[in-house]
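Read the single chain below, which is given as structure tokens and is the form predicted on its own.
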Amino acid sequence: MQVAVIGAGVGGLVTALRLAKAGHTVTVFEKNAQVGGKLSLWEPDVPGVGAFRFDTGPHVLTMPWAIRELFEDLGERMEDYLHLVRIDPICRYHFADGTVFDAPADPDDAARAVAARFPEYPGDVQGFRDFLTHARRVHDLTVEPFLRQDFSRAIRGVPTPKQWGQLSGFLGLAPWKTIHQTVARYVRHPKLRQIFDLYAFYNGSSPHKASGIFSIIAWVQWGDGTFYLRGGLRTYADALVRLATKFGVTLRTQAAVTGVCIEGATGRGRVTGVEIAGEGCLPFDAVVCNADPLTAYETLIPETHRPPAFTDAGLATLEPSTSAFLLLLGVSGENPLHLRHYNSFLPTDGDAEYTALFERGVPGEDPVIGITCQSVTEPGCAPPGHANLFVMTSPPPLRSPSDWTPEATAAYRDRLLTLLETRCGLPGLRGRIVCEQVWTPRTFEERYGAFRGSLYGLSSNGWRSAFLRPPNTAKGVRGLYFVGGGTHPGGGLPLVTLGGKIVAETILEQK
């Protein structure tokens, strides 16, 4: 079978590898010069200072078992390609009143840290432990039914006895309760609640709307562990490219797909290939789209072959997740503020930002600011006497072509630098910048085809939304599949890795 993969992100590469391992001929088309999707690099060399290295995508890796499983299924050893380094503490939380809380990687140490830092509510120590127990139960009840299969296909027809049991266990988790409501059952201290509310924010949603199922992140962080890859997370993409070469996958970069070729009537279409500029329709038996499904439906698939939700009218009603504003800063001073690998600077009123983002559709005036200081874990990412800072906020998705003009971008950058110098305790930061790169939601739209610049596809606001993402198997078009962060089972390296397995297995079943 001849298979085309549109986009060389992690999900696309994993699918390609699994299909090639099964004996199929796979060609991956990537519009950019570099493969890996959001797992990219910026490596500026500053005259008189030296070379910096920035991961421009994810900076921590969770659920390493999903990555290990891929290598084992391919007959390879993960350790021959990747060097995992456990992050401890998981995060340093900086509060607006000056309170700092390190979250140790060991759950018992974390409970003791809760007791020491938040003694006003002594019951929160046991509450934290109970929250982890709940998070583990969520993990155990959801991994198999939701993360290891094409959910949209699995729920068709009459449920099997096993599925009835899974459904019963799932409903016992009260998924209709929000993450904020779930957290409030276990801990009382406002600062702890503010920390755990971020679990919804990690996928671009509101803690007052997203399902409490996202409490699974607590177990993912503390139970499975939080890791960094020596050399940066980009090394995962590099490993997949090495494996692609070994297994005979054809990688074509700077090859933009302009359309999916489909024949047949509406609702009964069949893929015949992909359209490449200047080359016409190249024939393939199946097409795997690793592009954002919403963008793909909007730009690659004829409207006559789209499900109603993904026609132009349907797309206009959808709620994308938040996007990102990034400042990549090379700065003098080895470790300003004694930053940890990952740091979260929390405002006095977190709800004010959620209201701005999810009710008014504008950036928060006093946002949550994440800072990854990669050089803490790997000093070679910055020259001696310097540090690399990956600074991120979460503005809303694009609303109009006039969003993020150069003037608006400059004004937001200036305001963010002021917050970094004042609320975040980095005085004089402007004068210490030796190299800089700025990303806006427009960057994510243009570079990665992200729908309205959203970072995580559709938002998970509303408990059903987390489980009803665009499906892996296209409806009404035989031979068309979707993989990546915008489809099931969701975003993040482990989930898109699992998604690659789901899609490959589906194709092999249907061939």
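Here the structure is a predicted model, which is why all the values come from computation and not from measurement. All residue numbers refer to positions in the sequence shown, first residue = 1.
Only in words, not in the display: the form predicted in complex with a small molecule, which the text now covers.
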Interface residue in the predicted complex among Arg53, Lys31, Arg442, Arg469, criterion: non-hydrogen atom within 4.5 angstroms of the small molecule:
Lys31
Of the residues Leu82, Leu173, Ala286, Leu326, which one places a heavy atom within 4.5 Å of the small molecule in the predicted complex?
Leu326
Determine whether any heavy atom of Ala111 comes within 4.5 Å of a heavy atom of the small molecule in the predicted complex, and answer yes or no.
no
Ala256: heavy atom within 4.5 Å of the small molecule in the predicted complex?
yes
With the partner left out of view, is Met392 within 4.5 angstroms of the small molecule in the predicted complex by any non-hydrogen atom?
yes
In the predicted complex, Arg447 touching the small molecule (heavy atom, 4.5 Å):
yes
